[in-house]
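The chain below stands alone and is given in structure tokens; this is the form predicted alone.
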């Protein structure tokens, strides 16, 4: 593994050294990143059942130890697999930012970001883990700034602010765990003796620390800001794998605590809220990239439902529920990495072709970008959990876990698992609606703003190749779900070795495909046998109540979700502006949906901080004599405190 780390480091350095030849640096940087990522994916996958240890030579930052066990190998494989696809995609895509940033720096940051994620996963020491965690956050912030523009600084500060809240909680939790264990190496954390209150406190700190990075409710507000601001290849890495690094770390450290059944209840509750609020905001957003970003909150919630079942199973000594819960969570982590990175890269194709993220300006792109449209359609089906694709497969296992937990004895378990099942059901229905809107608004119908779409054309083969590979994974993982479950069960059994049960065959996907195929062709068979509907199809303009049909009469993203917004108006604050200059002029509609938690939770805190900062600012008045007075007062206070208290 040290070879892989070294190669990424050297590629990042080489890209930076070619600062004065950015085009060459971009080709070398992203090209080498794809080759190294492919090698890394093969290496980590072939060592899934092994444990590798490496210590950094010399005395640099106390010679930190890096260790990869089965769990770490799986997440490293995931990072490398997605990094391979995104690097290949970036080979041509990054040229879009040629005039906005130095491509050499872009390529260097890209490689450094992949390296930082791999090092965080392998880190085996509190100090090195926190240092690398912060480096990973900082590099991702720089990647967001590659797309510098209006609001970029504000968006990055919000992202960093929430990241620092999480980092503070992590630091506190890990230092307490280290003090109890008597060492800073994670290998010393194996046997932590603590009471109920301390265990629950540390679990909550870890959940806030890692959940804020993963985009968990109510820390999700940075998702649409950061992902919309950053280039799509950076969004694909951040959403596809960076939040998985946070989930990996949460699982790793939460399993070191004395297990309580309350862990499962907390995760089920938080997961249910994340699912519902994430998909609601995804549904009502008119920005397709923001819609995809909010969907990450929803999917993180689904993963937490699986983890909730797993921790409940451990807490109640129910090995089958624990096993299925972890398999479900890991399965959805794998699937989310594939289809979410794919969606962000597809959004990059759409944006580079149209220069807009507003769904109300788009339409009819299928004719201009047919391959992007087909891949987007497959990915949308996958994220909506429709059979036989991978999203359906993992959510099926989560449903099975929830049902098994729901029939356990006890009012609390039945309540929380029932809540999870309801949330998952609502989320599934709304996800279909959300991505029907996104796909329909972008690719179907007629272009609403002709200027945005008229010059659109299909992207290059090299940009489409990784998208096709990931789309085929969406299909393949779904069809061969039992093989994936077998692979994941071996990883899970290393986490809960006392479990002796094995996951049964969950569902036969080939039979589902056969049934779906028969259901699809059955109506045509009946039509043929009954000799009905043999008339030639008549193609005309749609009926428009006697008016001449035009593109403004199409169902837009706002009208598509109008009833939902009205029904949920108690949590969705909606602004609408209609501008009409004259009777014969074209009306202009502007819509904006506010995030309730931003308005009620974050905005007041930020406002208070700004007011305090403004008050403190009076001390900075530019007068040298006053600054000398401040220093004098400070020195006097130090002397007084030192004399009386030290």
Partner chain sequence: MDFFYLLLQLVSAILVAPLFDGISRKLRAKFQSRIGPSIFQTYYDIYKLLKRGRTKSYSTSYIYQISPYLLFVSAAVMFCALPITYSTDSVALSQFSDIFVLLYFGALFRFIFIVAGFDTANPFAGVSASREGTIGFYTEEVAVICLIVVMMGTGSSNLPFITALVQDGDYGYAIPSFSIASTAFLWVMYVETGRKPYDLAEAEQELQEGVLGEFCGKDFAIIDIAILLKQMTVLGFFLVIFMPWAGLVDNPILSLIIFLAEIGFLYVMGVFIDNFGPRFTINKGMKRTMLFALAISCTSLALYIMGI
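Positions refer to the first chain, counted from 1. Remember, it's a predicted structure, so these values are computed and weren't measured experimentally. Rigid core (definition): largest C-alpha set, two forms, superposition within 1.5 Å.
Another form exists, predicted in complex with the partner chain; not displayed. Remarks below refer to it.
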**Asked** Using heavy atoms and a 4.5 Å limit, would one call residue 402 a contact residue for the partner chain in the predicted bound form?
**Response** yes
**Message:** Contact with the partner chain in the predicted bound form for residue 564, defined as at least one heavy atom pair within 4.5 Å: yes or no?
**Reply:** yes
**Request:** May I ask you to check whether residue 387 falls inside a 4.5 Å heavy atom distance of the partner chain in the predicted bound form?
**Result:** yes
**Message:** Considering non-hydrogen atoms and a 4.5 Å limit, does the partner chain approach residue 439 in the predicted bound form?
**Reply:** yes
**Request:** Specify the contacting stretch among 74-82, 146-154, 236-244, 379-387, defined as having any heavy atom within 4.5 Å of the partner chain in the predicted bound form.
**Result:** 379-387
**Prompt:** Among 483, 472, 425, 201, which has at least one heavy atom within 4.5 Å of the partner chain in the predicted bound form?
**Reply:** 425
**Request:** Could you tell me which one of 367, 574, 490, 100 places a heavy atom within 4.5 Å of the partner chain in the predicted bound form?
**Result:** 367
**Prompt:** Within 397-418, which residues have a heavy atom closer than or equal to 4.5 Å from the partner chain in the predicted bound form?
**Reply:** 399, 402, 403, 406, 407, 411, 414, 415, 417, 418
**After fitting the core, residue 567 CA displacement of 2 Å or more between this form and the one not shown** = no
**Prompt:** Is residue 461 among the residues whose Cα moves by 2 Å or more between this form and the one not shown after superposition of the rigid core?
**Reply:** no
**Request:** Verify the C-alpha shift of residue 196 between this form and the one not shown: is it 2 Å or more after superposing the core?
**Result:** no
